[in-house]
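We begin with a single chain expressed as C-alpha cells, specifically the form predicted alone.
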C-alpha cells in the first residue's frame, strides 16, 4: 500500500480508497430497507459516493445545484415530513457557507438530517485555503444537539453512517479523501456514538486522534516503541458526544495527553479534551497538534500535514517532548486533593 503521491488518483491508490467506497453502497442498502431515506447534493453527486444512491433511487435523489444554503433548507423541510435526508457536500461548504441554515433550520428545529462533509481538513490540499475545512468541527460541535463524528477509515465511515441513520436527530459526519489505511476493521470494540476505541495500548502517553491522524499517531507509537516508550492511541471518532470517561482515565493512567487532528486546535478535538481536563480538577502534561490558528498554502495533503505539524513526525516529537515531563508518583489523584 502506498500513499497518494500527487494531485491525481493512480492504480496504486485502489487499495487505499476501496474501503471508503463502501459507504455509498451502505447508503443504498439502507435505502432499500427504509424508504424514508433520501439523498441530497449541491451539484457534487458525480464526485462523491452519494451518486450511487441516485443510480438506484432516482426519485429519492435531489440535486439543488451550487446552493449549499438551500441544500440544508430543503433537507430540513424533507425531515419535517418524516423523511431521513442524507446531505453530502464538501466539508468547508457544509460548515461555513451553509452555517446559518445548519444552525437554524436543522439544529434549532432538531431535524433528523445527516450531513456528510467530505474532503475535510486539508484533504483537498490542491484546492487551497478556500477549500481547506479546519473550522467545521468547531462550528458543528457548538450547535446544540448536533452529533459530530470523524471516522478514522472507510470501514469506520460505513459504521458511522449506519449509526447516524439509526440515531434520531442531526448528525455531522466528517470524512477525508478516502486514503486512510484500514485500521479499524479488526477492532474488538464495535463502533458506537459517544465511545472512543483504543487502537494501540500503552502506559506512558495517551494520544487522542481523529480521522487520518489516527494512522499518523499509530505510526508514531510504533516508532517510539523501539525506545521503550509505550503509547496508547485512542480513536476519538465521536467528537460529540465525547467519551469523557476515556479522557478522565488517561489523566490518571498516563498523566500525559496529546491530541492530533486535521482541524484547528481552536474549538476542535484539542479544545474538547482540554475542557474535560480543566473540569476534572486534575493536572496532566498536555499538547494539542493541529492547525495552529493559521491558514496553510495550496499543496499535497501529506506536505500540508507536515507543515501544519500534525503528521507522524509531529506526533513523534510531541511524545518525546512530553516524556521529558516528570510524573510525581506522590500526587493524590482523588477529588478535592
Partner chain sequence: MISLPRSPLSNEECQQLQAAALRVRESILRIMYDSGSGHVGSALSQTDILVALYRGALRVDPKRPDWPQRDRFVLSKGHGGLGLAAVLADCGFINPEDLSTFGKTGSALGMHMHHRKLPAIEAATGSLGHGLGIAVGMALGVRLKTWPSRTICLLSDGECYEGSTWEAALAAGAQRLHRLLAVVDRNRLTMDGFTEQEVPLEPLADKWASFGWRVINCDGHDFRQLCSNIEIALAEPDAADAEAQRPTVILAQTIKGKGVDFMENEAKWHYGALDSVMYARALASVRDQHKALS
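Residue numbers count along the first chain shown, from 1. Fair warning: this is a prediction, and the values are worked out from it, not measured in the lab.
A second form of this protein, the form predicted together with its partner chain, is not displayed here; the remarks below concern that form.
Asker: In the predicted bound form, do 62, 74 and 82 all reach within 4.5 Å of its partner chain through at least one heavy atom apiece?
Answerer: Yes, the whole candidate spot contacts its partner chain.
Asker: Find the only residue in 101, 93, 124, 191 having a heavy atom within 4.5 Å of its partner chain in the predicted bound form.
Answerer: Selected residue: 101.
Asker: 70, 280, 47, 292: which sits within 4.5 Å of its partner chain in the predicted bound form by any heavy atom?
Answerer: It is 70 that has a heavy atom within 4.5 Å of the partner.
Asker: Out of 107-115, 177-185, 139-147, 205-213, where are the residues with a heavy atom within 4.5 Å of its partner chain in the predicted bound form?
Answerer: Single hit among the candidates: 107-115.
Asker: Just checking whether residue 38 would be counted as a contact of its partner chain in the predicted bound form - the rule being heavy atoms within 4.5 angstroms.
Answerer: Because a heavy atom of residue 38 falls inside 4.5 Å of its partner chain in the predicted bound form, the answer is yes.
Asker: Taking its partner chain as it sits in the predicted bound form, is residue 78 near enough to touch it, meaning that at least one heavy atom pair lies within 4.5 angstroms?
Answerer: Yes, contact at 4.5 Å.
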